[in-house]
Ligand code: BGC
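One chain comes next, on its own, written as structure tokens: the form predicted on its own.
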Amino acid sequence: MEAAGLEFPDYNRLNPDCLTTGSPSKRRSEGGGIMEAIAVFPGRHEVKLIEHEPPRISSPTQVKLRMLEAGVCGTDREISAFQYGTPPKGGDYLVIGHESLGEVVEVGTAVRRVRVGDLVVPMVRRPCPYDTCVACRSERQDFCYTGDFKERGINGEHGFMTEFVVDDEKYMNPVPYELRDVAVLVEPLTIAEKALAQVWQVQQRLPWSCPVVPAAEKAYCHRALVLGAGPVGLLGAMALVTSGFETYVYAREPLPNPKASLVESIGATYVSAEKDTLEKLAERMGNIDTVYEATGASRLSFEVMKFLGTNGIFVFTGVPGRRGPIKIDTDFIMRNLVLKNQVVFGTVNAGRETFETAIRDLATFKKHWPDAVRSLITGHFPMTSYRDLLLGQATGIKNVISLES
């Protein structure tokens, strides 16, 4: 199943000097001084590299991390375009970044979950303060009822595009050293993992088990369609293939292209929107059991919903920007939802169990498709390349900012 022999081109072209330009770093030891961070100033519409006060452990259960990497995603770019993003209370800037990998450099006296030297991926969302929110009080703030939660690097708390971070140990997810080169993909993978967990839970409503077949036979009984070939879509495709789905990825790029090669290398099928219409795709696939949307394109998504199969589930993960209204055949969609026992749900953020599943599955992906997994990371760039990465044209698959000196 390995992607041996495949060649994936080098996308490190955001800036010809981005891998060699020396950072004017003012890094200090863990004990004091100042540190650098990438921040947005919503009130001034500025994005800049700043000097930021380093955090310190202030409670027995806190952990201090030296941040190693931060992935750049669409959310970071949208925050940098000032579409949303809220600084901590009383502040005028927000340190961004929520896809990350860090190394434990100091622990409080009551910390038991991690040790100094461990690699960890921190969770993103922090619970709301209300006793009436059963989700947050159950440490499932990913299902918060009040909406008054905080998210590091997005809403109300500084994120991970900085040199050091302090947080409670309960938000730390240890990562094996064998995943050091790809662990920054854990957080975007949690989107697919949470979606799949809910798919399996929902489908307990009906007979949905696959028949037992001889091991020598490659047989599928569930078919999944992934919309989009970005990082979330490609990681979702890997998760679906690993879960036994016959998986198709529908994306805009014409064939041949590197993403299509990646998709084929993991045993999925890439379909170009430039070549095949949705009607042709649906005819080719047959009954579509699951649609995993990873584009944020509402028009495309609702067009695809018309082809969702009997007893099917449509999962929304993207958040479309504010655009004009679109026309959809609501009667047709509603009729299918009722007569075909269909389910539509949205999913966002993730809890601890989902992070742990993502870490285990990423190890499985790396074992089966090492070249394909590594090729998801387009390149590593210094903090000084933040403007190209956040404000320039999006290129490649997953760009990563290296935060260690």
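Given the structure is predicted, the values throughout are model-derived calculations rather than measurements. One-based numbering along the sequence shown.
One more form of this protein should be noted, the form predicted together with the named molecule, which is absent from this view; the next part is about it.
124 is the sole member of 291, 249, 124, 294 with a non-hydrogen atom lying within 4.5 angstroms of the named molecule in the predicted complex.
Among 151, 167, 103, 106, the residue placing a heavy atom within 4.5 Å of the named molecule in the predicted complex is 151. Against the named molecule in the predicted complex, the set 75, 98 and 348 is in full contact: each member has a heavy atom within 4.5 Å. At a distance threshold of 4.5 angstroms between non-hydrogen atoms, residue 187 is in contact with the named molecule in the predicted complex.
Taking the partner from elsewhere, residue 84 is found to have a heavy atom lying within 4.5 Å of the named molecule in the predicted complex. For the chain shown alone, residue 196 is not a contact residue for the named molecule in the predicted complex, no non-hydrogen atom being within 4.5 angstroms. The closest heavy atom approach of residue 191 to the named molecule in the predicted complex falls within 4.5 Å. Annotated contact segment (heavy atom within 4.5 Å of the named molecule in the predicted complex): 151 to 159, selected among 198 to 206, 151 to 159, 169 to 177, 110 to 118.
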